[in-house]
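The chain below stands alone and is given in structure tokens; this is the form predicted alone.
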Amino acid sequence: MSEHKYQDSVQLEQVIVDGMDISGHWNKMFVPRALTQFDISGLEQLRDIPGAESINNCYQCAKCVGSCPVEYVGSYGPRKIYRKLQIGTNLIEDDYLWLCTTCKNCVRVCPKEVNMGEIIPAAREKAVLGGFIPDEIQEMLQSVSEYGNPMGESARKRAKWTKPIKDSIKNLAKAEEGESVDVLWFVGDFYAYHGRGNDAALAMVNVFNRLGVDFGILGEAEKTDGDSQRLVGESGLFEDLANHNDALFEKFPHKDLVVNDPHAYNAIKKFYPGITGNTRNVTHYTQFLSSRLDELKALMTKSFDKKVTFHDPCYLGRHNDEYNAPRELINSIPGATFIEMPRHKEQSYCCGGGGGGMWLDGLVANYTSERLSTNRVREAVETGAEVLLVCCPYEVSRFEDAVKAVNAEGKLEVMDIVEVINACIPEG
């Protein structure tokens, strides 16, 4: 036992206690374990941050480690973060703070309710205030601050994607205050600015029109929803964005606020009310379309004879408990054969884009063997599916890059669910 690395010992030649000589080989005293010599001020600092208190609940069972998507391609997990805090790490100044995608899978399995979905943004806010922020995130925040979107694109170009549409689309940015619509469609950044996002946006317009939906967009007046900015610790910028967008929602009366981005859904539903005091009837587009399923089925008369699989977005699924609406739409696609991936619904893997991960590929690459999106595409390929369906704007570009990385071009296509729905509706 004395040779164990944690069991170094000392033995005095003579030991006298209360006048009694207890010297001898049997009085060996073991040196305290090294753990007691570490500086745990980093742990104390973290658990004192409002929102991060639950880190103190960890009792290192390590259930979170096996559930963490970053651990699957690297070495991570809340338990490992806690251990680093125990042995001297200041998380506020460490890269480990930025590897979490806030997917919430660890929260799902934690018996002690350690909530990394709250801990990480709270700690990042402290880091941002202290100037400890990755260059990639700083650049993204600067773009949002200047242009209202993380791509750094001009606000004037936000509605440029609508040009191919033959029939005019109601752009409320050019309308008088008070003009009402049944559906106010919050288009989002990737649908507005990314080429593949444009494809899905155009498909969405056609589906709305064929359903006879009275809808309008906010055009160049719209700004990013702010959820990613909140998650990387820029709470002040998030508040500005929430107030800006909510003022637009207030300006144009509507029955339903429809969003295509699960991150926008999460922000507007859960966090805008605490800032603006207003609660909106916000729905993800899969929820809205599934509520019109009978009408959609009547429209979808063209067959889509392919094997398809589906990736559950973390912020629609685990964060907001919506698993059925996308599947109802998928199962209504004529001719399609739906194959679930092994990791699905509550246990779905993460694409890596959440929690600011969309803008952290450079930093994350230093700690992982491959992108999370690449790992997920490998799983999709193994199902034998020909199409990987998604319903989050982040995922088309991430997964299409991953398809190239695993040499699956021509074998696996990535499509937004609404693109497939639109493909099944004949021109009319």
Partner chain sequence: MKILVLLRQVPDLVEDLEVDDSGKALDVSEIKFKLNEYDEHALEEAILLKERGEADEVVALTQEGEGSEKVLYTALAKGATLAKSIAISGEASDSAQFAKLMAEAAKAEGGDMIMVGVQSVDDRDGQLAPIVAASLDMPCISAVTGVKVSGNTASIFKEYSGGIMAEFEADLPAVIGIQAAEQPPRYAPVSKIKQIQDSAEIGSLSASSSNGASSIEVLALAPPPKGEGAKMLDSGKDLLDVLKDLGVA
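Quantities reported herein were computed from a predicted structural model and do not represent experimental measurements. Residue numbers count along the first chain shown, from 1.
FYI, the form predicted in complex with its partner chain isn't displayed, but the following is about it.
- Distance criterion of 4.5 Å from any heavy atom to its partner chain in the predicted complex singles out 234 from the list 322, 234, 189, 222.
- Only one of 87, 339, 129, 165 lies close to its partner chain in the predicted complex, with a heavy atom inside 4.5 Å, and it is 129.
- Interface membership of residue 304, defined by any non-hydrogen atom within 4.5 Å of its partner chain in the predicted complex, is ruled out.
- At the 4.5 Å threshold, heavy atoms of residue 153 reach its partner chain in the predicted complex.
- The shortest heavy atom separation between residue 205 and its partner chain in the predicted complex exceeds 4.5 Å.
- Within this chain, residue 99 is remote from the site of its partner chain in the predicted complex, having no heavy atom within 4.5 Å.
- None of 256-264, 134-142, 210-218, 175-183 except one has non-hydrogen atoms within 4.5 angstroms of its partner chain in the predicted complex; the exception is 134-142.
- With respect to its partner chain in the predicted complex, the three residues 147, 157 and 239 uniformly fall within 4.5 angstroms at the level of their nearest heavy atom.
- Contacts with its partner chain in the predicted complex, taken as any heavy atom within 4.5 Å, map to no residue of 39-75.
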